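Next up: a single chain in structure tokens, the form predicted on its own.
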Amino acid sequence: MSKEQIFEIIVGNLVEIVPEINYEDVLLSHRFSDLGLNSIDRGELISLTLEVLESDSSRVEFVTAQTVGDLVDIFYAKL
């Protein structure tokens, strides 16, 4: 799976969690706080993405991600 595919999955999950987010407006450089996500939303985003990717990685491995791009990179490294 490519980083672009992972990005698309993450953005799709972001839009599901925070419907006010426009899919087309999300960039790799966006910080989660800039997108209006709190810690609970971030946890849900990680959980949903883990489910879609069928990964059994621990959520703790993703706490350092501050941007969408950081999260994409971590997921990509885990696959």
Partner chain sequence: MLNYEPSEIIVSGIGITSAIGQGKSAFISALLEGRHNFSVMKRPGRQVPFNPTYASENRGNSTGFLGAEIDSLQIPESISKKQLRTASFSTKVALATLQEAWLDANLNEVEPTRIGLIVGGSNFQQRELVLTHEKHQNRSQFVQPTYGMSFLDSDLCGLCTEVFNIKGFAYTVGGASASGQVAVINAINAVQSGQVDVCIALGALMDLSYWECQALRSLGAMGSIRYSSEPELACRPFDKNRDGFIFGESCGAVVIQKSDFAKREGVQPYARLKGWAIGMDGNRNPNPSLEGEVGVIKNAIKHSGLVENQIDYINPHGSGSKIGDEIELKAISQCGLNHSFINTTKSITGHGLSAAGIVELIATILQMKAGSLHPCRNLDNPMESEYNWVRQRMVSHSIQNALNVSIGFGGINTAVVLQTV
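Positions refer to the first chain, counted from 1. Bear in mind the structure is a predicted one, so any value in this text is a computation, not a measurement.
What comes next is about the form predicted in complex with the partner chain, which is not displayed.
- Taking non-hydrogen atoms only, D56 approaches the partner chain to within 4.5 angstroms in the model of the complex.
- Contact check for D34: no non-hydrogen atom falls within 4.5 Å of the partner chain in the model of the complex.
- Under a 4.5 angstroms non-hydrogen atom cutoff, the partner chain in the model of the complex has E20 among its neighbouring residues.
- Under a 4.5 angstroms non-hydrogen atom cutoff, the partner chain in the model of the complex lacks L27 among its neighbouring residues.
- Contact residues in stretch 35 to 59 (any heavy atom within 4.5 Å of the partner chain, taken in the model of the complex) are G36, N38, I40, D41, G43, E44, S47, L48, L50, E51, E54, S55, D56, R59.
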